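Single chain ahead, written as structure tokens, the form predicted alone.
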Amino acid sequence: MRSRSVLKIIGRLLMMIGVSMIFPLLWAIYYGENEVFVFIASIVITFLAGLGLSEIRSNDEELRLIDGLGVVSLGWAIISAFGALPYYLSGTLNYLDAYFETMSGFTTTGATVINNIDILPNSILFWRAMTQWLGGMGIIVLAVAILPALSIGGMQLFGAESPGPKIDKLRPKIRETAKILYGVYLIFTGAQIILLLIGGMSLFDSFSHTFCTLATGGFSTRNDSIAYYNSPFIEGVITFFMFLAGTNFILHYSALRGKINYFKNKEFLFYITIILSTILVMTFTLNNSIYSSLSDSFRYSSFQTVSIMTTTGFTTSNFDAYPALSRIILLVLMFIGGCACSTGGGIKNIRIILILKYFYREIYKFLHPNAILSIRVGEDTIPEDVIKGVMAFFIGYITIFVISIIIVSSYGIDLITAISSVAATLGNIGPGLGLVGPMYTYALLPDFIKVVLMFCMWAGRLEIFTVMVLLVPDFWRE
């Protein structure tokens, strides 16, 4: 890794984060909050640190893959360190908790250590939401889109950061691809803000909840999350945009150009089938056991299914009080997650499809040892190296999951909480079950466990390999 080149780019990303803090500063000025000085200090510290790193002398050679991995993996950790400043300088959280909250924001996890969100200043709440919006499509993708200096080596950065097993190029230049994806992201952002305003949300809440919906992040400005509004219209709008955010954005781009390819895409069909099947099962499971009417059962099961499946984590009810079958189903959805090239986390639907097809192929070959079978998704034959990559990812994902559960359980935490907290952070969902259920926060967990779960967020958001490569000694050699 060329450390000087990597640090120089991270410096420019920090400058961008410093500039983005101007927006919560404006809200602080508008509401007359004391946090005006907090954000001014945070902007100055972050921007100057970035400026210092950006002045490091380095050659301007094309970035290699290993350099791109360095920018993404190290950049995410460093950016979170500076993004934590507003929480810390305002006295809202100690630094470890501030880092946890910021990592949860940028990774769009939505796990929080704040017990009383309602009393927080609006500027802090807006920064909290904005970290998710920036992390949703990816800070690196945004940087590639708007910083000309990063257009060199853009593919290495874009490929390392973007969620999903592969990215289809929409334009020959990666910078143009990043701009297109962010263009779709901005269109959806504007549309949801308008609809939430129509539904009766304030302008501030509309912005905040839209940012966290499209990022599939789930931070809310209310302790009761979306349940606070008790509005079927608002729930419907957020459900719809969570669903869109969990869908491959390339399909959205094609649709905006007049090419409706959703139902030609096998991953999308799998995604919508899982969602509809889960809603159907949960509706009948919750009817009479939790809710007295079929309409209420459908309303709450629909919202919670899409929220968990897309790894958003918004809540309209305490799903930890649901019958065992419903809770198990939601736990399974935490692993599946959204589609490739969406803002959702989890293993991703396309990988689940390939894992199931691989499993079936191996069973078939057990019966017919001489058979030569390729794995196909639709009309596409999937290369064997892609299959191997998916299986390696799955092994890595499960390995981190199991080791993290063992560590969390070793601190005396009950098994339900341990399993769900790891699943919820590794899959970037947020709320889990037990002591980290929708009615609780992660605040009471021991500090070391918070560090473990921060690693899960980081690894889950950057798709395992980008983070695990840091453990390889060759990575650090110049």
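Just so it is clear, the structure is predicted and the values come from calculations on it, not from any experiment. A residue's number is simply how far along the shown sequence it sits, counting from 1.
In what follows, reference is made to the form predicted together with a further copy of the same chain, a form of this protein that is not presented.
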item	value
Which of 251 to 259, 122 to 130, 403 to 411, 74 to 82 lines the interface with a further copy of the same chain in the predicted bound form (heavy atom within 4.5 Å)	403 to 411
Any non-hydrogen atom of I416 within 4.5 angstroms of a further copy of the same chain in the predicted bound form	yes
a further copy of the same chain contact in the predicted bound form: L294, any heavy atom under 4.5 Å	no
a further copy of the same chain contact at I363 in the predicted bound form, heavy atom, 4.5 Å	yes
is_contact(G396, a further copy of the same chain) in the predicted bound form, heavy atom dist at most 4.5 Å	yes
Three-residue site R327, G389 and V472 fully in contact with a further copy of the same chain in the predicted bound form at 4.5 Å by heavy atom	yes
Residue (of L26, I66, A49, I40) lying close to a further copy of the same chain in the predicted bound form, criterion heavy atoms within 4.5 Å	I66
a further copy of the same chain: the contacting residue among F188, F268, Y358, F284 in the predicted bound form [heavy atom, 4.5 Å]	Y358
